[in-house]
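Here you get one chain, nothing else, as structure tokens; it is the form predicted on its own.
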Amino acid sequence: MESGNRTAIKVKTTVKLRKELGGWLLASPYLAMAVLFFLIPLGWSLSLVFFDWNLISPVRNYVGFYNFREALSSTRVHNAFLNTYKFMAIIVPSVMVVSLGLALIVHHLPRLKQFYAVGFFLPYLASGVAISLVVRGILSYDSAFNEFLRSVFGTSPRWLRDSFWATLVISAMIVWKLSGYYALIFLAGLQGIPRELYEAAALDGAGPFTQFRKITLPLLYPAFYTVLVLAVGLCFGIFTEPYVLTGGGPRFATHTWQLEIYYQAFERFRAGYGATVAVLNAVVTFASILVIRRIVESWGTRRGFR
């Protein structure tokens, strides 16, 4: 009997090891990519923050914490810091409202839901550079769109030369691009809400608005939480749209962390300083997402959504 137990335990252990090995093998491509494209560059960046290096010279000059002192006192970095929260204040609520609206429209369609869901998702797959070039052509001074505005209203906005309009255009582009993707998250949440809850509420006399407020919104808390964290994190990585459309202008109104990193590292060839700005960006991103997560989780717990 004891020998049989040992044999059974040995067989179970072997099966468990094979499953674990199979899991590691399946995950190995992702792990290799993470090491190659994340961990190694991260370690390299952390080693650069204490040096002044131009990406070409074989000699790296040790400068200690000078890069951090310069970055923390830099007006360009301050603008990138403030602009990120300015974009966040516009993009996050806008993308949540638009994506939720798209999800509700698709969810209540009688047929072809998958077709329309894929259609709304397509902008997310489009090249940001291509979209930016198209928008730049549409908003150029001599474009047909601006000619039409001037013929009707007598004037047209300076879309990319005015701080307000440039910020609004870039924010609108990002909202348009991401709304379809986030709508899929809301759509999955909507499809997970039992239909019986709405039927019971209707029997109790609750109208569509009351059902939406009392049933849909509370049960979509996980989807709201996910979209919020993703949208906030994205705001710290904005690069393509301002790079193509405004270059960070006018007067640094659309200057972002990623633009500053690119400018310092690849235009001024200050790799150490660029790595320092990247580290500061990572710290601010992590801290901001952590604070927002804590606030949302606390709010959800108090209202019984978690």
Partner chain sequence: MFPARRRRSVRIATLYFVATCVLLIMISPYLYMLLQSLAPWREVDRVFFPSSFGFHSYRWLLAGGAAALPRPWLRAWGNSALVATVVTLSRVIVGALVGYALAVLSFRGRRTIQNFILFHMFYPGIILLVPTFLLIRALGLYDTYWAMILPGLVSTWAIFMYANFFRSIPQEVVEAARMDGASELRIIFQIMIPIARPVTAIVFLFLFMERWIELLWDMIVIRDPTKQTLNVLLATMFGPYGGYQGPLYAAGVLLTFPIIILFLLFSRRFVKGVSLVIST
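Residue numbers count along the first chain shown, from 1. Here the structure is a predicted model, which means the values were calculated and not measured. What we label the rigid core is the largest C-alpha set whose atoms superpose within 1.5 Å from one form to the other.
Quick note: we don't show the form predicted together with the partner chain, though the next part is all about it.
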None of Leu122, Leu168, Val152, Leu82 but one has a heavy atom within 4.5 Å of the partner chain in the model of the complex; the exception is Leu122
Among 213 to 221, 72 to 80, 104 to 112, 89 to 97, the stretch whose residues bring a heavy atom within 4.5 Å of the partner chain in the model of the complex is 104 to 112
Complete contact of Leu190, Ala200 and Tyr225 with the partner chain in the model of the complex (any heavy atom, 4.5 Å)
no
Any non-hydrogen atom of Asn67 within 4.5 angstroms of the partner chain in the model of the complex:
no
Leu234: touches the partner chain in the model of the complex, heavy atom cutoff 4.5 angstroms:
no
Tyr243: heavy atom within 4.5 Å of the partner chain in the model of the complex?
yes
Using a 4.5 angstroms cut-off on non-hydrogen atoms, would Pro41 count as touching the partner chain in the model of the complex?
yes
Contacts with the partner chain in the model of the complex - residues in 114 to 137 whose heavy atoms fall within 4.5 Å:
Gln114, Phe115, Tyr116, Ala117, Val118, Gly119, Phe120, Phe121, Leu122, Pro123, Tyr124, Leu125, Ala126, Ser127, Val129, Ala130, Ile131, Ser132, Leu133, Val134, Arg136, Gly137
Large Cα shift (2 Å or above) at Phe286 between the shown form and the other one, core-fitted
no
Residue shift check between the shown form and the other one, rigid core fit, Gln114 Cα at least 2 Å:
no
